[in-house]
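Next up: a single chain in structure tokens, the form predicted alone.
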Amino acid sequence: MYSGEKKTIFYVLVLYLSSTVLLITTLFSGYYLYEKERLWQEERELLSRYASELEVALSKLHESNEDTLVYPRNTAFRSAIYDSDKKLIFSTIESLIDIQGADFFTKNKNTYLITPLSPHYLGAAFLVIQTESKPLGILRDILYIALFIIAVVIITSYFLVNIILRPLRENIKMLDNFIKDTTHELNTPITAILANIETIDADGCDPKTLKKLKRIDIASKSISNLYQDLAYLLLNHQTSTQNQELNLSEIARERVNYFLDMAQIKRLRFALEIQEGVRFFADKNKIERLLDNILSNAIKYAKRDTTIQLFLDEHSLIIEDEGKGMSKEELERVFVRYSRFDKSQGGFGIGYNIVKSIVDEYGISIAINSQIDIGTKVELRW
């Protein structure tokens, strides 16, 4: 799966999930508030009914001629009566209630109803009824339903994205097959051209012919470098890795010499600061692909008559050019396969993608610093 596909699937999942969570939150919040209001109304009606019953009992008690008065009680409710100055007369409620505020409220898991009495039975002007608050009991069900819906949305959106991406995958597969076939066909002519150029006796050529041969050599090397990149990208998984201890100092000089003629076309200079005997355990072909891609990009985008600096020591490799540079947005996509930022330059946009795969394989950290019209600095550390 390509990184672009992963990003697309991720973005769609985030979009679907965010919209679903927002919708679920809105609907379930409304449902929760509705159920809470309904429960409050039920409790209020329940307390109002008992308040009416208690008011009747208090009126009978008020009219009673008995010497000892017994305050009415109910196992499901507690109550209290206050006079017109809101001072407590009698209470079966354990805590003192402030009746200055709302007439219906919840406090400490209990629900209270305050209702005025008229006439004032037993001198009471206010009646307070208390009952234990009923839990709403739907939060867990709402959570389970929400998680189920989110899971269904994630699974559905995943399959939906895969269906949408199927044509894109088929096109990419066709492109890869085309590049693979083209790469296979390029191998023989490129090898033949380079082999024949090496056998030509340059000393016996006049300056005009020599200049033409040099151009052919440079063009052949450019095609050869492109071929090597395509072969690595498409066929690397079919070849075994041959890791060995390499002399990185020698390889760096070899690759610079390989690109020397190409650099001279733009009057570019190389400033080399290479520590001798730098060793690195890796596959030689991969290290050459790593160096070739960084160097070829530096040459390709460097300004004419400037210097490309190469620094190598035991733990780092730095290649810096004075070129057109890259923007912040381009740097964020520099490792994405087939990303090209300058249509005037050739290539498939696979160079830095290959570089990233190699540095990841060998645990090398890579940092690219670039500024528009100033240049690009590629720093590898291990």
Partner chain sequence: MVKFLTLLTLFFLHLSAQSDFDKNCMSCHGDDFKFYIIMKKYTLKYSSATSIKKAMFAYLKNPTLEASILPPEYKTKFGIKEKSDLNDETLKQMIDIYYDKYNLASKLK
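Numbering follows the first chain given and starts at 1. What you see is a predicted model; the values in this text were computed from it and never measured.
Missing here is the form predicted in complex with the partner chain; even so, the following discussion is about that form.
The stretch among 264-272, 120-128, 136-144, 96-104 whose residues place heavy atoms within 4.5 Å of the partner chain in the predicted complex is 120-128. In the predicted complex, every residue of the candidate spot (Asn65, Leu69 and Ile81) has a heavy atom lying within 4.5 Å of the partner chain. For the residues Phe148, Phe159, Phe90, Phe178, the 4.5 Å heavy atom test against the partner chain in the predicted complex is passed only by Phe90. This chain is displayed alone, yet in the predicted complex one of Lys284, Arg73, Lys212, Lys303 has a heavy atom within 4.5 Å of the partner chain; that residue is Arg73. Asp85 belongs to the set of residues with a heavy atom inside 4.5 Å of the partner chain in the predicted complex. In the predicted complex, the partner chain sits beyond 4.5 Å of every heavy atom of Leu33. The partner chain in the predicted complex comes within 4.5 Å of a heavy atom belonging to Leu61.
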